[in-house]
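The form predicted alone is given below as one chain in structure tokens.
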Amino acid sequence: MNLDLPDSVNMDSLLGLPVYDLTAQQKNSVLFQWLLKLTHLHILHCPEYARLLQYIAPDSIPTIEDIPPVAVRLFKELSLKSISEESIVKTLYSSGTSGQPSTIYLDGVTAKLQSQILVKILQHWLGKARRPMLLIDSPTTIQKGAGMTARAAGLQGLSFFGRDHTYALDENMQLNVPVVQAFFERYQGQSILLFGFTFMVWQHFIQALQDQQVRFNCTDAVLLHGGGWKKLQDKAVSNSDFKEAIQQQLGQVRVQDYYGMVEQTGSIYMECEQGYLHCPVWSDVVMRRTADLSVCNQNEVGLIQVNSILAHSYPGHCLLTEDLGQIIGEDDCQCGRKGKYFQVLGRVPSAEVRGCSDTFA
């Protein structure tokens, strides 16, 4: 499917945008025209989305905040796509523990764009060199075929940043201590990368190392993790407790969280050195009050709305999540990166537990 792109923005210039360098005014100009363009596109090509917005005139929408967001739960209940069946090259499924998973349909253009942007964001934090990589998961998680879970897609997507991919868990999701020991011995003193989903890292890796009284002495490692904190919060495990336990078991590890979801693959929000999640230039967040969905003030807790200009094959460009958060500031984080920075505070009470790591209890 060919998009009639805005005159001032084409795909190459979109990919060439600096990840965290545009001011709020510069970024909002780019985001607004793209989000309006995608709103028009999905009204034309997704009948269900058109019905949702039947009383909205896109040309009269004055600001980004006035573009109606789609409740993320609708991707569990409806087949929302703006492409033909023949154009689908990949189908992604969310990894909630119960009920119907979200289903996301990608065409070739969207899949490529989301992949390219994910690479750009992560290269900003990890650099371009591929490091030896320990995946805190089982090799059986990666599935063949067009459809895959969010966890499998995450493992596959992040594998691009590593080499000598080694899985820490066996096919029964048990810690494979000899394999892990061999990995750390093989790359002793080298820069290494570890990746896993938050609850998996905690329960299947860190707690297993603690139970077996196994420790390692990393000197230059990065652990990238994401996928939900709900179960750790239920166990009274804070972000600081999580990081401290990892460093006790593994040594000098830079632990870095991220926030993202299968409904907006490619748009991830990375944790900076100050402990805040940052919006890259291609996506943004809005906090909305639970009572009436009006826009929250800075530092006010509300429902997280995520906007992304990477959702071209399905109407996922403006999504209202079931997560609570607060915007801390914009363009003035002490880490030096521009854009909004925020915190995720948990799930809305009674919302379904979900997240890539939540598929194992």
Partner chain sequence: MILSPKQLLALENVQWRIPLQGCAFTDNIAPWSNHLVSEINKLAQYLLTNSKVKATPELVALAFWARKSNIKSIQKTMQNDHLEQPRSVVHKVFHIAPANVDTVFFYSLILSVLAGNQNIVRVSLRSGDITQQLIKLLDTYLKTHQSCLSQLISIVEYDAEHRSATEAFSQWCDLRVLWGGDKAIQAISHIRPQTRQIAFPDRFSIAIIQLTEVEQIASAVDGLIRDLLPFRQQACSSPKAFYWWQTPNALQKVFWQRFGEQLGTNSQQFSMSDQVEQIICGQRLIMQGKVIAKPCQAIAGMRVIQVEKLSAVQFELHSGYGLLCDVQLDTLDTLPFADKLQTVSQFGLSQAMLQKLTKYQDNKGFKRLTTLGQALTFESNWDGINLPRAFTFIKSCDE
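Numbering follows the first chain given and starts at 1. Just so you know, these numbers come straight off a predicted model, no measurement behind them.
Quick note: we don't show the form predicted in complex with its partner chain, though the next part is all about it.
Original post:
Is there any non-hydrogen atom of P69 lying within 4.5 Å of its partner chain in the predicted bound form?
Top reply: Yes, contact at 4.5 Å.
Original post:
Do S60 and its partner chain come within 4.5 Å of each other in the predicted bound form, heavy atoms counted?
Top reply: No, S60 sits far enough from its partner chain in the predicted bound form that none of its heavy atoms falls within 4.5 Å.
Subject >> Distance check, V348 to its partner chain in the predicted bound form, heavy atom within 4.5 Å >> reply: V348 belongs to the contact set for its partner chain.
Original post:
R51: heavy atom within 4.5 Å of its partner chain in the predicted bound form?
Top reply: Answer yes; at least one heavy atom of R51 falls within 4.5 Å of its partner chain in the predicted bound form.
Original post:
Picking from 321 to 329, 36 to 44, 23 to 31, 305 to 313, which part of the chain touches its partner chain in the predicted bound form when contact means heavy atoms within 4.5 Å?
Top reply: The contacting stretch here is 321 to 329.
Original post:
Heavy atom within 4.5 Å of its partner chain in the predicted bound form: which of R131, H124, K90, R73?
Top reply: It is R73 that has a heavy atom within 4.5 Å of the partner.
Original post:
Of D164, E171, E273, E77, which one comes within 4.5 Å of its partner chain in the predicted bound form, counting heavy atoms only?
Top reply: It is E77.
Original post:
Across 121 to 139, which residues bring a heavy atom to within 4.5 Å of its partner chain in the predicted bound form?
Top reply: Going through 121 to 139 in order - heavy atoms within 4.5 Å of its partner chain in the predicted bound form - there are no hits.
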